[in-house]
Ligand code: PT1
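Let's start with one chain on its own, the form predicted alone, as structure tokens.
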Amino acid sequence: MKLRVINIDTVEAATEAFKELKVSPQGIDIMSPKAIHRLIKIAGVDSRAANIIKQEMLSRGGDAAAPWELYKLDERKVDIILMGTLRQFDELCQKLALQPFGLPRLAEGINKALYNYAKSLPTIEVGRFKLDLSARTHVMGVLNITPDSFSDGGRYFGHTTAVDQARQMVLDGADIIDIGGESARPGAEPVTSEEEINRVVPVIKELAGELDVPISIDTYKPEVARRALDAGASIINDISGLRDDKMIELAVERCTPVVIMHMQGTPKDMQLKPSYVDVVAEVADWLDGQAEKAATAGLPRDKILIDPGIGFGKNLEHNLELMRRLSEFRSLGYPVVLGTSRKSFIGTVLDLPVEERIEGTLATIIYGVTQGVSIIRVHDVKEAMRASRMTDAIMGRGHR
């Protein structure tokens, strides 16, 4: 007799495992949802409601962790962590839908989070291109047309060198070229919209008709984004996370995919004293709110991507915590973009300068892919593409 612990994290994987055992189709349907165990944290729920939730989860064989104040049955707000199989959560939500204290709405939220966490990623229409995010991880190559970039020190500031670098990144396997004309390094001074336009628009115009991949404009200024879209860009990558309502209006007007990134503060002051109680919860809640704002304004949800903003208003521990818990962002239902390339938290951990952070960057990329990241934003395209493709293959995606 031989035994081992096996790792199954999706209903589809459980179904295949049971088929190999020649389990009956009816048995597979019954048992597959029982094979997947999830933990869900509910924050700020009425203690009376939390008590009902806990008792209902326990009665179905699941469990719930909650503070002892739960049993005072008053109006205080508590956090609770539910633990159970998909089948148990399904039965729980059916019962909660019949209960008071806002529990029907909570049941909808639980079902939505579980669905989002496991759903297949969309194919995003980006101008004349289609990005099938469910097929494999996509690589976004960074092109900084600035004299003061933290990563390359202005290496591609000239028009010709910028165009040549974009071409090389496509040859190296980039699926998207992300062009920016203002440095977002900590402490960077902003530049005028006119200067930013002068830097990026001529390059976009030259590349848009030539490259067989979409171009993203990395800016938080609506006028720069508009001019870039006119020149041929087809994605807006906004480090301010659509704080300017005019950027939302532009995205809706053009039906343009947007990357909503989280940043505490501005590039000039974001690293002075970043502070959070729960960095993942706060970043996720803010991103969800901004995505909802864009969707309410009329932007299709399948045009929205989110980026937790590693290094933007976060210290070392904040960044590491975001990396550890990357998979939680899948619950929001939007593709996740990860930008860790050459960043200072890697340099701090490894005690290395910018030019020697490629191995550390690849470690974050590989881990990110295993946690469900859809797009990796990188400077070293060839190496990142190889690392992500290999990781995808191990995970059963993108391998022919």
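Numbers for residues come from their place in the sequence shown, where the first is 1. These numbers were taken from a predicted model, which means no experiment stands behind them.
Not pictured, yet referred to below: the form predicted in complex with pteroic acid.
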Answer key, pteroic acid contact in the predicted complex at 4.5 Å (heavy atoms) among M261, V224, I215, L143: the residue is M261
Which of these residues, K205, R185, R254, K112, gets a heavy atom within 4.5 Å of pteroic acid in the predicted complex?
R185
Of the candidate stretches 34-42, 63-71, 335-343, 366-374, the one with residues having heavy atoms within 4.5 Å of pteroic acid in the predicted complex is 335-343
Test of understanding: in the predicted complex, would F312 fall inside 4.5 Å of pteroic acid by heavy atoms?
yes
Answer with yes or no whether T137 is in contact with pteroic acid in the predicted complex, where contact means some heavy atom within 4.5 Å.
no
Is the gap between L299 and pteroic acid in the predicted complex 4.5 Å or less for some heavy atom pair?
no
Spell out, yes or no, whether the shortest heavy atom distance between I239 and pteroic acid in the predicted complex is within 4.5 Å.
yes
